[in-house]
Ligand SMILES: Nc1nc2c(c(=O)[nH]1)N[C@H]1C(S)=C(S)[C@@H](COP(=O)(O)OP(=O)(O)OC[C@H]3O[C@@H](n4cnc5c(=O)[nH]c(N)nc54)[C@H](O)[C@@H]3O)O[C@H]1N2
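Just one chain follows, in the form predicted on its own, and it is written as structure tokens.
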Amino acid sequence: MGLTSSHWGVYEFVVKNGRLSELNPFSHDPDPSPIGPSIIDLLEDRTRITKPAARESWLDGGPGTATHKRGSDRFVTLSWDEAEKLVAKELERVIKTKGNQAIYAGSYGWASAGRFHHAQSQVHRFLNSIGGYTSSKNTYSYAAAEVIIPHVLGGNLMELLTLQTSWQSVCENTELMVAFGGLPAFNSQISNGGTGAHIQRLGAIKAAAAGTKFVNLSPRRSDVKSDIDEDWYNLRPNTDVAVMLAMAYHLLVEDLHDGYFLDKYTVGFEIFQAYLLGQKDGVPKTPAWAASISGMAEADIISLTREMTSKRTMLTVSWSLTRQQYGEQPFWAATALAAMLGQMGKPGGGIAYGYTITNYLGNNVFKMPYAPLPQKKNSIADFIPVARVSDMLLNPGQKFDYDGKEYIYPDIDLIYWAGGNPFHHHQNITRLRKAWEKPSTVIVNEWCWNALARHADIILPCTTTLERQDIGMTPRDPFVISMDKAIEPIGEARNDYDIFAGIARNLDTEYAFTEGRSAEDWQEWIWEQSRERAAKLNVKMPDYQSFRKTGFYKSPELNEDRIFLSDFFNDPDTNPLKTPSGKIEIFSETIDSFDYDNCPGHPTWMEPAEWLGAKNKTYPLHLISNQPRTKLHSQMDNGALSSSIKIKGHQPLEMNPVDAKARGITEGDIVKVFNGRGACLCGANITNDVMPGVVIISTGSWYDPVDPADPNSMCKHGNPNVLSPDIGTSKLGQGPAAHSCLAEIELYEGPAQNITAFNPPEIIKKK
């Protein structure tokens, strides 16, 4: 018996005869996720990588050989000694001939809930100890918001998210919650850094029982519909901003806005007001105007706006709204609308950025100053916005805009990836595959033969959380877990720390990386550093050995309900925001000075290139690629839970009966989804929970082309990122815009396609 922590929860494990046999929910979790136990059957699955290996063509011909064969080539097994020397030699070659900036280590992903064995921290620390690397900024989840919100509210978005109004305050005070983008409660099964007790779905249920009315403005019903009553208004995807602007217009012309709040707490409203009235472009942003764009009835926009002024109202915007062309605008427009309502900083009112999106939002947790693993200083200044990987690889030396400055894409010759899977989260996989041919070498630490591993030149097998000891620790959750080692590593797998220490040994930089500490030493160091920080807040944490013996630690209770922006609301002079004005910037002089054609100085409706209202559109359906309910991103797609919902092995596709009937499609049919960028096969799930004209494919199905050697080949498994556009949200944020995507669907009548994503590549022994 022991405990393990993961992004989808804490579990108590049972081991029999050296093998993991059970993962049972943590006794302190009131709403555990079913995802975790899927890993039991995968630890020794055929997809498990058990030995170091190199791509055959690369090994025979050297760096840069037959890079077009990545994804289809055979692999040759290596000893750890051979692999360490090979990686060290390759790193030395690139650094000597091209410089450290030629190494890219985006390594974006959710590798481990452990504080120490966190793959991104490990690879970044290692590369910083040998001179640095080209890095990435922001996240695929909400990159556009990460850039826009600091201009509007100041500070760091991740920090602001931890300060969102608590669910307790919502239950006690909120009369109306208006959710732009819905309430996707299945997303809240996960939380980066770990989850001890799930609160989101139960928070919504308790709020509804206490009298909170929920309104969903989205193309899809919320996932709490069976637990609460909600009013659902269909909105065409990408049109939320138009509705927000119309609501703001109606508040203005009916004199329902809070002028006192706007004068005291915001700047730039008069410029935004001129835009709303059409004084700048000749187009008043009326409810009728928004109705023609969004499909929401004019009368409904007006009545909901009036209701918002008469009740304690909380606006919440889904992170998914940022993942569209001009994705900066929804969060900015929603913030401006909340300011006009004048309830920001009050209990149960104002705005939240993503209730039910992840478990920690609204979690009333005492913020503990836990220590991270130091990553050292990166000596290389080059970086890219995280979603611009293909642009960087395809266009070295080209200029790009980002947050008011101009940068140049570096010339990348080596990619080192540890944690995450770009063949899951990046858009337009066809383009990514072509870009992936550019570097001479791709090195990957991975535990299973997913698409990233298949597209590597050198693959180093790493352990899972159950094969090593760690500390599940995050300030976003009250529980700190002593993660016990459940089983010995499978095959020759090693943890990332030992992998990098071995490579560093061959580079004569071992001490710079390890500082003479073992993995256990580092974990004790992290604990003691955290204890010292906590003591400065008068919080006493147990000593390290007592923590290990007890199994978990729970941080102190927070004595008051957290209210977002309450300090600023109560005394804006003493507690100004970290914006140039110290106030909420409805109009930003800074952004306006950038003179971007796709991100003006105030919230603005701009028509996406691909949406249902587009003139002369080639494809008639709007494709939304939401997060999966049976796994975290693509992790454990090969597990039993993920497999249980698939249709003849293919990823399900949700579509309205009207669209299905028009195409002769019935429940369970295999359909081809296609546009000019690619195609994939899915199983039809016909439901009234999605509006006509919209189809939904959850992300995370392992990329599985019919012909692995052809970048243009159809994905037979159902990965929607073969269809999504690889464009930046705007020059400001350069985030992903996956949700601005049109496609068509037809009944698939070709030969049956067996799913081969979970078959390992051909592996041979070294000659």
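Numbers for residues come from their place in the sequence shown, where the first is 1. Just so it is clear, the structure is predicted and the values come from calculations on it, not from any experiment.
Not pictured, yet referred to below: the form predicted in complex with the named molecule.
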Find out whether any non-hydrogen atom of Leu732 is located within 4.5 angstroms of the named molecule in the model of the complex, and reply yes or no. no
Does Ala54 reach the named molecule in the model of the complex if we count a contact as any heavy atom within 4.5 Å? no
Report whether the minimum heavy atom distance between Ser294 and the named molecule in the model of the complex is within 4.5 Å. no
Interface membership of Arg201, the named molecule in the model of the complex, 4.5 Å heavy atom rule: no
Sort through Phe186, Phe479, Tyr596, Tyr409 and report the residue having a heavy atom within 4.5 Å of the named molecule in the model of the complex. Phe186
May I ask you to choose, among Arg125, Lys206, Arg677, Arg629, the residue with a heavy atom within 4.5 Å of the named molecule in the model of the complex? Arg629
Okay, which stretch from 130 to 138, 608 to 616, 431 to 439, 217 to 225 lines the named molecule in the model of the complex, with non-hydrogen atoms inside 4.5 Å? 217 to 225
Let me test this: is every residue among Gln427, Thr463 and Ser625 within 4.5 Å of the named molecule in the model of the complex, going by heavy atom positions? yes
Can you list, in sequence order, the residues from 405 to 421 that come within 4.5 Å of the named molecule in the model of the complex, counting heavy atoms only? Ala418, Gly419, Gly420, Asn421
